[in-house]
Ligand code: SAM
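Just the one chain here, laid out as structure tokens, in the form predicted alone.
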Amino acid sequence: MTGPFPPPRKRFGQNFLTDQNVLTRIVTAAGIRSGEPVLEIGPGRGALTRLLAGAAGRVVAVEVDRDLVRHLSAEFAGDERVEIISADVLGCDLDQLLLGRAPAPWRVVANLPYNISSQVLFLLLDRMPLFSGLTLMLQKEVAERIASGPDEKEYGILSVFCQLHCDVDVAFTVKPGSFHPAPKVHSAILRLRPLPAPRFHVGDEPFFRRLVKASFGNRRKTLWNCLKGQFAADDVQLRSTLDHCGIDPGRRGETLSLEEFARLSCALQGNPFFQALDNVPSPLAGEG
């Protein structure tokens, strides 16, 4: 026997989902096919893991809290469908972790701590060919941001990056009372369905990400000022490139559609007068 589970820990951002109805709805929303392997990030006390084990062919659950790993390992010791991994998912090589256990594609189901949700999303986006679908519990505002479009208040960097590679929708919202302890905010279940190829051609994707990051660098600035502040460019060539793309330099970054960002990225990459500075922030440095 391992004794009772340890109390939730703030340093891990732990809010355990306890509402059985919500747990069942998550599994349904995930659309897991019979025999399909599932990566669960942050199994916590295993409430969702138990349901996933009944729906999936295999569940690999990655948990950073070693005390929880000890309890989960004891509970699922006799269940060949479930493997508990003691690790921080942000430090995992997903190819090695998953492909060594079952071929792609995998489904991802996760109740993500709010403080690392953006970092985990970038990790998953970088390995999107591994996955058939992602069903993620996020802070409601973050989920809505990812699903929003140009000119909407929530539209930002994660909106652009996720929609380049996935169809995105918010399945349903979850009230604070469904958790222990109850968070101070509402949550939402976000579904991402990977596309067979990026929605638009963007050329070099790291360049594309740097461009998008720069464009959202200051929402009060025009696109022209954001690009001039973050990139080295000849004024005439930059204006010519924007005109060629049909983009008014007086617009703000949050008004550009994904297609416009893609068109601008390709045009700038093909322009020898336009080179990204080394000090452009990494796309991981905030969500936008």
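Don't overthink the numbering: it's just position in the shown sequence, from 1. Everything quoted here is computed from the prediction, not taken from an experiment.
There is another form of this protein, the form predicted together with S-adenosylmethionine, and it is not shown here; the text below is about that form.
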Proximity of residue 266 to S-adenosylmethionine in the model of the complex, heavy atoms at 4.5 Å
no
So, residue 198 and S-adenosylmethionine: in the model of the complex, are they within 4.5 Å at any heavy atom pair?
no
Would you classify residue 170 as touching S-adenosylmethionine in the model of the complex, given a 4.5 Å non-hydrogen atom cut-off?
no
Looking at the partner-bound form in the model of the complex, is residue 88 within 4.5 Å of S-adenosylmethionine by any heavy atom?
yes
Identify whether S-adenosylmethionine in the model of the complex is within 4.5 Å of every residue in the set 15, 112 and 116, based on non-hydrogen atoms.
yes
Just one of 62, 223, 55, 242 has a heavy atom within 4.5 Å of S-adenosylmethionine in the model of the complex. Which one?
62
Counting any non-hydrogen atom inside 4.5 Å, which residue from 51, 32, 227, 68 sits next to S-adenosylmethionine in the model of the complex?
68
S-adenosylmethionine isn't shown here, but in the model of the complex, which of 247-255, 38-46, 234-242, 215-223 has heavy atoms within 4.5 Å of it?
38-46
